[in-house]
Ligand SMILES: Cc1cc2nc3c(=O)[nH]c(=O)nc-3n(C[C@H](O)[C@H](O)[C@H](O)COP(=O)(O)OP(=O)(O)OC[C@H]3O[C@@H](n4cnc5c(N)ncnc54)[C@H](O)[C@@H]3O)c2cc1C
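The chain below stands alone, shown as structure tokens; this is the form predicted on its own.
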Amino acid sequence: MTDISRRALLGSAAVIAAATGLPAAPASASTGSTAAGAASGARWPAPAAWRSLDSQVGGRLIRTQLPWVNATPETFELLKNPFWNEEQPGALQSTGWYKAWTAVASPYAVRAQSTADIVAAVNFARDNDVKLVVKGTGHDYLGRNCAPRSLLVWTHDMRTITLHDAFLPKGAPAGTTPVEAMTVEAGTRWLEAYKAATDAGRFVAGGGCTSVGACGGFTFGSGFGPFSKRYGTGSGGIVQAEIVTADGKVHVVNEFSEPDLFFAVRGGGGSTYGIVSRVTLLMHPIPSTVGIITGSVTASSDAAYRELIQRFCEFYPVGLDNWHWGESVAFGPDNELGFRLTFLDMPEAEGRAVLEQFVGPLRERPEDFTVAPSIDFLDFKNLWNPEFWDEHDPDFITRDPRPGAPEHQFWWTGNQGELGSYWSGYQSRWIQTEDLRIRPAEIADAFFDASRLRSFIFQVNKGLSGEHEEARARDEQTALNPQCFGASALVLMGAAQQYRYPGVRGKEPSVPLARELADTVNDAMDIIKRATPGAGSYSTEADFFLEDWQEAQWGSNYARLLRIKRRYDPRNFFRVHHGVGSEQRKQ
């Protein structure tokens, strides 16, 4: 990324300036989400009502706009920075999805700085029949918090982190053992949470992407991170949450206080039961080491690649099906098996030996396979330390280049492709470890045939087969689809046009290309679906057009989640695409 010039900073300031100050009438929306939430059919509130809300929230009712509308070239460079995106109330990481939704800015946003601001926004939207949407960091692929003629609750300013040496949940009975924990507010990013935990010699289980929110859709939609097999999901790590429900009441929920609502926020989906203003997460002793395996094995022919895939399917249950391993392996039409694996708290020699079990026999056949993996082994405390990466592998990260940006602020270079994406498809499918054991050839056939059409990744840390028993005990108390516990991994496949902005001349996505990519993803995933009948899907990374989405995303937990939804939100005020209860109309 090029250095940000003074002119670019002035352009950024112009966007912020446009988002401050209260208009007398709502901005019109020429484009809008077709499924993330329909605009209310009720009459739009009068200016006096908006002024009243502005007064209630201390003058923090602001206007928003899509930052790419009438943007300068410098602004389009800034849009390549995930942290800059998060600092714009109207920005989203994705710009739309073919035949599904198109990014649109809410006319107004409450720039929330407290739970009271969220309560005021909820009460106003409910009483005036205005669609309410929420943005913490804006990563959602499915546009579930994007709607025209809506009120945005923007939680970016709420980023206080509090560490607890001995936390007791509200209402805990006498004799309850306190735990080490971290409370984060609604706008906190995982990078900030990791830094605070690492500085304290601790670890908190969260997402791999540094700019994703620690108190948002990731955490409440199950939330798989790079070390989920060891420490469990983001939802499993929730000790307590503060949530504002549709009636404007503030609930503090945990296993002792309103346990049903606590169950629902632990994996039942974000923006479904209310708006969570803060969450307390379990902390752990910091791991000692982590190994990172990159590189690949490339086959010289299709036949050799088909053999390579089956060898991997057979190897996984015996070599990688345990809590030490995480991250992913990539498959694609170039006949390459790409590694981005991690091994946690395992001696380097042992990690190398496990990998060698797989690649060793392949080295002996150079005419068929080119074997080129590499291993970085580091103290875990350096994983989120940009100074370490600057010295060790500067291309592995991208620092926030803006003057005045926090020194620790960076993102993984590999995550760059997620910014400014106009999606044609994004689908997921859990692969059961038992299927790899008893029918590896059939799974390998499906993987090979699918790879002829489209690349995909086998995300090891998003299947909980081999999970550590201590983490398993917590995750089994959440709303996570039970299928995940037997899954070796989650297959993820997507296709997008990057830095495409609908409605911006010269930067619009290509409709013919969008259609072609959508067809390719559907055709490729259909092959894997046929080989894995009844398999579930991860709700945070699911197909917008997912059929039987209730069963696919939550399995046997859906009925209980729906009962909780009806109890706490009987009018279906919080309604998002393929969220619990969204099959029913707003009351």
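One-based numbering along the sequence shown. On a predicted model such as this, the values are computed, not experimentally measured, just so you know.
Omitted from view is the form predicted in complex with the ligand, to which the following refers.
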Notebook entry, point to check: Of the options 186, 480, 121, 464, which one has a non-hydrogen atom that comes within 4.5 Å of the ligand in the predicted bound form?
Noted result: 186
Next item on the list: Find the only residue in 150, 240, 427, 137 having a heavy atom within 4.5 Å of the ligand in the predicted bound form.
Entry: 137
Margin query: residue 218 versus the ligand, in the predicted bound form: is there a non-hydrogen atom within 4.5 Å?
Written below: yes
Next item on the list: Verify the contact flag for residue 537: yes if a non-hydrogen atom of it lies within 4.5 Å of a non-hydrogen atom of the ligand in the predicted bound form, no if not.
Entry: no
Margin query: Whether residue 298 contacts the ligand in the predicted bound form should be assessed with a 4.5 Å heavy atom distance threshold; does it?
Written below: no
Checklist line | is_contact(residue 489, the ligand) in the predicted bound form, heavy atom dist at most 4.5 Å | finding: no
Check: Quick one: which of 436-444, 389-397, 411-419, 509-517 gets within 4.5 Å of the ligand in the predicted bound form, going by heavy atoms?
Finding: 411-419
Margin query: Is the ligand in the predicted bound form close enough to 62, 128 and 248 that every residue in that trio has a heavy atom within 4.5 angstroms of it?
Written below: no
Notebook entry, point to check: Are there residues in 203-227 with a heavy atom within 4.5 Å of the ligand in the predicted bound form, and which are they, in order?
Noted result: 207, 208, 209, 212, 213, 215, 216, 217, 218, 220, 223, 224
